[in-house]
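Starting off, we have a lone chain in the form predicted on its own, written out as structure tokens.
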Amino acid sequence: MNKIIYQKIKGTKDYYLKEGLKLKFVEKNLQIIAMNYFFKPIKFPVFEYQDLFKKTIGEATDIVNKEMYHFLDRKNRSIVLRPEGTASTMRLILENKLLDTDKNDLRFFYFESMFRYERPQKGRQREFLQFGIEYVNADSIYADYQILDLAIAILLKFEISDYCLELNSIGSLETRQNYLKDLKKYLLKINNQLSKDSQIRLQKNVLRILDTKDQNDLLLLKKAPKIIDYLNSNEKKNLALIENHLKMQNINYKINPFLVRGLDYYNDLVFEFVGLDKKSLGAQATIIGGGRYDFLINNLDRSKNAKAIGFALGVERLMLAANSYIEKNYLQSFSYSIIPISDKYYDDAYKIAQFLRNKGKNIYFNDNQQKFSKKLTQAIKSNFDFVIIIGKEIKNNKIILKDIKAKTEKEISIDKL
């Protein structure tokens, strides 16, 4: 009989004990910030039809070509594990006719696992956690402001100051067509110097070349035409308004003329909050990335139009960048271990545990058959804030409260506790 090896799959991660508590702390705080901006939670399936992502992300993208987990179900339908959340959100909105029933803006957030078959590295797994913000029916420049400010609020909350916000405008579809003609003309002249991936992209989707990670390609692109020079007057005005909004807040930003993001559905504003602490983040330095996708709904359903903007945040990268803040703050509530001095006080100890839980206290009831001294040592090693000792004092409705950090103890009434 072969021995079973209990081992997680490459590119996945377990969260447990301390790391599990940290993750819940991060999720809770992201949820609070999103709800402060009146975004509401959504949840969608882990798997979707493959065509959804081909239609939205783009068939020439690395995600669709190389990274999706794809399988056929029993009826021979092409299914994928979701690689990102925006397409699923748009499908949810269309399927549930939310644009028909709610004429106001739609504001959603999610905290979900995404799946991409790529090389695992620091801050990026094959199954990774993503926090996403989706703002639909977002016609105003103030929608852009709110999305950027929400992202900044997250970084501020987690005390991440060592970052640069990179901005670009990739314009409307018409602007992009004019730009792509000149970009392709330039790249055709140096086609034989490009990487194999970029040579393929030159034929399929030339804009994707700007998303290359090949160092030689990046050098060649320095002399390429820049899309920012092709923007019309309204697109330039919007970008200037966003810059002015950021300057008024003293936000560290720069214009990156080659920033396009890795998905085909973007238009106009695109942005990335890039962490500057390479030691913590490694090669994957982008913490938050997003932009506008005003034509995505129409691309899925020609009878619908709804401008939209949003961003996605890599939770693992956020936790790396904010490690010192999370370490200090993830245990926000006091924790108590209740220990009966001997077996005859177990019932009293349990009743008090339930009484305090109903009052909202975090209570660990130690029911292990160990000596009192061992239980007390365990409580100290486990970093509880307080130990509640149940003994003869219970006859007078009192307990012994031991403050672990202050190394003090006192007798108090249960009511005062």
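Residue numbers run from 1 along the displayed sequence. Quick caveat, the model's predicted, so the values are computed rather than measured.
The form predicted together with a small molecule is left out here; the points below concern that form.
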{"query": "Answer range among 230-238, 115-123, 184-192, 168-176 for contact with the small molecule, defined in the model of the complex as heavy atoms within 4.5 Å", "finding": "115-123"}
{"query": "4.5 Å heavy atom contact, Gly275 to the small molecule in the model of the complex", "finding": "no"}
{"query": "Partner contact for Gln130 in the model of the complex: the small molecule, 4.5 angstroms, heavy atom", "finding": "yes"}
{"query": "4.5 Å heavy atom contact, Gly290 and the small molecule in the model of the complex", "finding": "yes"}
{"query": "Partner proximity in the model of the complex: Leu106 to the small molecule, non-hydrogen atom cutoff 4.5 Å", "finding": "no"}
{"query": "Phe158, Tyr163, Tyr336, Tyr265 - the one with a heavy atom within 4.5 Å of the small molecule in the model of the complex", "finding": "Tyr265"}
{"query": "Sole residue of Leu99, Ile152, Ala312, Met319 within 4.5 Å of the small molecule in the model of the complex, by heavy atom", "finding": "Ala312"}
